[in-house]
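In the form predicted alone, a lone chain appears below as structure tokens.
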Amino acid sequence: MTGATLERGLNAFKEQVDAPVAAFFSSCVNCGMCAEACLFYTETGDPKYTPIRKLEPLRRVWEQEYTVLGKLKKMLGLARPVTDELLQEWQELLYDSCTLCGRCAMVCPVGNDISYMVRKAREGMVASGNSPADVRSAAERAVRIGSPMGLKYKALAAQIKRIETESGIKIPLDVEGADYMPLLSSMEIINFPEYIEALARIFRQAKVSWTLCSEAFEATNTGIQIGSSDIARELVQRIVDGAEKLRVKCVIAPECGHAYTSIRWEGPNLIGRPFPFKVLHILELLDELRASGRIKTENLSNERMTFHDPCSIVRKGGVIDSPRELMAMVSTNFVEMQDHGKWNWCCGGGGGVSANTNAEALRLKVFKRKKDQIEQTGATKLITACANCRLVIEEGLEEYHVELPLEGLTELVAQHLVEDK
């Protein structure tokens, strides 16, 4: 890394020290409670994975640039500066061992939002050239091609054609004035295309006016994951442009945690204005359709099922009751995990971790926390509502030689719909 790059990185760190960050660092009592809320610490026992410690570069910049004592230490040469070597060392802590799950903030006695500060620190890491190569490449593909996996509309068109042929259901495309515009993640297009068919089946029964947008179908926001507001803003703007062009009333986030965070909670702030449309997660919409009687199910399963709460959707997004209402539509034998809802344990792959090859060994090691949590339920099927969680959990279970089928909740609802007579 060149001196100029480091200088840009340090300037970026300085810019991230806003009022909340300054307040959080000032109020931290170094109690260490956040460690016990982080699976990277609980499963390794290594104190370096204590959440607040992951913020050391940002803390040093705050102290040395914005506090009297820190400035004095810096002037006297007593402060430890933020160097190239420090940022390179801290890449693992800021990217490999943090999923931005927010569980640490739940236990902080003074209410510090550590995941918020990690996002801020990642901005400085991007500017200084210290973001992981894999995540950086995914972000570059998202900007250049439109998808972190390099998918173009041609791939989606092929899936739509196949689904229409096999199901006999028309997938509406670029329809102006529709009520709902669902977004998709690359993983749903390639790994779980059954999600698209499930949407079509559910919306047909509910007589929903909907459309996909050929110019804005990708929901994954790698800018949020890598820590680049510029990239995040550009990706959100593409969705806004597509929705405004088609004049839709509501944009639907898919079964993807960070996609939901980026468009629902961070989107308006990123582009600097309110959306002219509403944003819902797909589970929120399905729950609304359930409550209004527009979708009905039958032949409920007696198989013992449990539900994995995706962090960004449930803990950070507040979509807690909807998945439980929907589970009641498909199962008579649903059992909760010991820590569920807002206290659920992360799958270990959010926040760009699953896209980061450097983090793979650590991610699989700490998955033991999730494995144990699942096995304690005695469930024979696991349901979730995030394609990334689904892939990460499948890989983790395979690593620990656990056979357990996984399914998306939207697909499960579609399977149990009352068939039109």
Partner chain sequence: MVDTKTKTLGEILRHSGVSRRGFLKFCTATASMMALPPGMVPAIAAALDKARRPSVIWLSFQECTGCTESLTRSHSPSLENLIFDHISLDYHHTLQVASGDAAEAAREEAMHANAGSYLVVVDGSIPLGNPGYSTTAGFSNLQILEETAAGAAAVIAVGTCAAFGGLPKADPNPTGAVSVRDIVTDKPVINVSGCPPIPVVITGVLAHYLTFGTLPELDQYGRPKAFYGTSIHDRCYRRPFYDKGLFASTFDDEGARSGWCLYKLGCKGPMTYNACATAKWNEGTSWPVESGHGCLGCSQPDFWDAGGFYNALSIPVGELSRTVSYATAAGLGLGAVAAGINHRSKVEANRRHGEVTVDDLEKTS
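Residue numbers count along the first chain shown, from 1. None of the values given here were measured: they were computed from a predicted structure.
Another form, the form predicted in complex with its partner chain, is not on view; read the next lines as being about it.
Of the candidates Ser128, Ser331, Ser147, Thr306, Ser128 is the one whose heavy atoms come within 4.5 Å of its partner chain in the predicted bound form; the others do not. Site annotation in the predicted bound form: the residue of Ile295, Leu156, Ile231, Ala216 reaching within 4.5 Å of its partner chain with a heavy atom is Ile231. Contact with its partner chain, judged by heavy atoms within 4.5 Å in the predicted bound form, is confined among 286 to 294, 132 to 140, 190 to 198, 249 to 257 to 132 to 140.
Interface membership of Lys207, defined by any non-hydrogen atom within 4.5 Å of its partner chain in the predicted bound form, is ruled out. Proximity of Thr5 to its partner chain in the predicted bound form falls within the 4.5 Å heavy atom cutoff. Its partner chain is not drawn, but in the predicted bound form it has no heavy atom within 4.5 Å of Glu398.
When contacts are judged by a 4.5 Å heavy atom cut-off, Glu65 counts as touching its partner chain in the predicted bound form. In the predicted bound form, no residue of the candidate spot (Ser301, Asp372 and Glu375) has a heavy atom lying within 4.5 Å of its partner chain. Residues of 8 to 22 that come within 4.5 Å of its partner chain in the predicted bound form, judged by any heavy atom, are Arg8, Asn11, Lys14, Glu15, Val17, Asp18 in sequence order.
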